[in-house]
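Here's a solo chain for you in structure tokens, the form predicted alone.
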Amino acid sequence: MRNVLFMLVAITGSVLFSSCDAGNEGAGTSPAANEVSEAKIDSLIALMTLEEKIGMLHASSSFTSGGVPRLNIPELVFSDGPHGVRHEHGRGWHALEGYDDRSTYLPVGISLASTWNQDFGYRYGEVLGNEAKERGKNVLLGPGINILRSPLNGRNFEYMGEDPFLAGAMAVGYVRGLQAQGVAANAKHYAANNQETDRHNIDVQISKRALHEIYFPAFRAVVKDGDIWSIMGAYNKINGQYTTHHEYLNNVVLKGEWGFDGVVISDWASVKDTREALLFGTDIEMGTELLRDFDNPVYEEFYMARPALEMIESGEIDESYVDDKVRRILRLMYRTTALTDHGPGQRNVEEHQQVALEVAREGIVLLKNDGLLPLEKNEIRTLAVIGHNATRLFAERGGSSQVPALYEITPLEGIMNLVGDDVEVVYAEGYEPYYDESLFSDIRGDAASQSRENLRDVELARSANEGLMQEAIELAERADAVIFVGGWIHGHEGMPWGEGTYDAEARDKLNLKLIFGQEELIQRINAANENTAVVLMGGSNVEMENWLPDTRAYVHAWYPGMEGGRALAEILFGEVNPSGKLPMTFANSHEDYPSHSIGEFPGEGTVDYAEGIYVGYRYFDTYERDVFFPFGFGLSYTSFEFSDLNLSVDGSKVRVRATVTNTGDREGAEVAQVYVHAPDASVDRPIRELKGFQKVHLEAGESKTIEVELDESSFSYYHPEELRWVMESGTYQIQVGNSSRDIFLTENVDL
């Protein structure tokens, strides 16, 4: 039975993954992918020695795996990352200096998801694939599609939110656009990799129903609908076994039920056992915990190198397991630039920068506005821009996803470029990132290896710099309007573990409190100037109860990429109408989220996912918990109306039609969101689950009819005892709205 998540969504002739249709011929796979000769692959394997086969199963440098020179089989070349091609590493384990590796820095994954625009998924992937190809890469390590279980996860900014349908829909376009360039996508991290704390050891205790309904669907989407060529294993365990060589995840589900014929690549150092890796689906081991000397690595000592060779030679493991892995690797090589000519790539071209700009424009989310925005240039003589993040650069920070950007327009630059000489712009930093070095005297090494207790001991001080604050208040008092730009950071210089303080690999947040005294600063700015708009950067929300009520406008910008400052300025001054929608629920405290209130985060040794399927809005809406901003929410400078819901049933399929009208006086875009509820289900089911969406762009006064086709998978659940997908006969409620808590149209159908 097909998975719960996949169905067509059409509007005026387009489909759910519309980016893969007209104008994107061959988007699902490159032409070369259809020409892979299995017979030729088998003939190559027959010519190889066992040693040559084993050499293909593990790294040969920091970002390559082995080839067979005798047979003209090259190494595979990998690169991070999800939103831009990472620094060049060459053969070593450190980024090369002085190398021409500048790339297009796209808005991060959660920003892409916030566009709710599936066309952007394809175009985003196309940019990445084109630039990776120009750099000689065969596999790009992205997209990141782990579910946002807790807002504290340090890598949430790389991922696509809390809902598996949304994440899958956006990721499929990304994969197709990337692979159309002849570069393999590598969806990560499979699976339930929802925290960075103790990431190499944590054991996730989770039901198969939660896996199949929440944590698997986006991966299934990129396999079944995106034809993805590679998947990355995760660091964590699931129910006692490491995910990278997990028998159920890899052999039973991924390569069995889903029919995945690509390559399972380990995360760097996620292989922990040679026998399990050989038997349970790992195809390539990258990085290893066995590397004690990173400057002089011995690749023959990897788990899947000499130890694997000895197991095969001894007869403990049959050589056919190795042959299957080599066959998959060769298949990947023929599909990609490794063994096939996909033409030249391009890097840092205007077309790529335009994609970065358009994604940023539609990914920025307006969450509160009492009429302050958009600002009018002709009504402002002096504008105060306050906040460290107004001038901070983010591209080269955050861990493995860092990008050597060609340039990065900051919010301050974007605002100054837009207003020109018409408005006097004055700037104050307002706060500064800092820490008390004495707190770190006993802490060494990767933050991921530290206990949660120790991490709490080294939490950054949250008191404000009074001198910087006072300077900012004085500017706010004499300005006609204020734009405060703050929020999270990827990290800051001087930390014992480098760039990785908050939104970053290897480190989770400790809570959602604004850092470096920003909360007090916002309160004082609001008191000094009522015309204050707050802009926050970052991969998640913050605590809002103490400053939001007195704030007239709040914009969440995520990390919006190299053109982010320009896009933000255009939205603040009304040159672009905001249309982003939240891909996650914004509650006030991390303790409000079910991963903390019901389940465990981060756990100690084990993590109990006791909340099961009740992740994000499934929990908040079903159990009627208070939130500040619901899943799918986002404001516009115009208004919209939903009407004329019409359902037509054909067996177990339902075609949903509804009209969306722009009732305001300017153009804008709205997202029609279709949810399904099964009120008579024999098992617990959420009050609503997203099963379709469509973003529509409308002129003032214009109406369009959206059409969403729901098939059997849209009404099914994974049976907790029978361990299979089940669709029950009965009544289902179809809900249409523009957020999970703004449902305007409902109607029941009997199936």
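Heads up: residue numbers just count along the shown sequence, starting at 1. Note that the structure is predicted; figures quoted are calculated from it, not measured.
One more form of this protein, predicted together with beta-D-glucopyranose (BGC), exists but is not displayed; see below.
For residue 245, no non-hydrogen atom is located within 4.5 Å of beta-D-glucopyranose (BGC) in the predicted complex, even though that partner is not displayed. Using a 4.5 angstroms threshold between heavy atoms, residue 693 stays clear of beta-D-glucopyranose (BGC) in the predicted complex. Contact annotation for residue 400: at least one heavy atom lies within 4.5 Å of beta-D-glucopyranose (BGC) in the predicted complex. The closest heavy atom approach of residue 199 to beta-D-glucopyranose (BGC) in the predicted complex falls within 4.5 Å. Comment: beta-D-glucopyranose (BGC) is not present in this chain, but in the predicted complex one of 264, 385, 568, 141 has a heavy atom within 4.5 Å of it, namely 141. Only one of the listed residues (490, 618, 509, 86) places a non-hydrogen atom within 4.5 angstroms of beta-D-glucopyranose (BGC) in the predicted complex, and that residue is 86.
Proximity to beta-D-glucopyranose (BGC) in the predicted complex, taken as heavy atoms within 4.5 Å, picks out 183-191 from the listed stretches 467-475, 527-535, 183-191, 170-178. Using a 4.5 angstroms heavy atom cutoff to beta-D-glucopyranose (BGC) in the predicted complex, none of 157, 543 and 629 count as contacting.
If you take 53-89 and check each residue for a heavy atom within 4.5 Å of beta-D-glucopyranose (BGC) in the predicted complex, you get 63, 80, 86, in sequence order.
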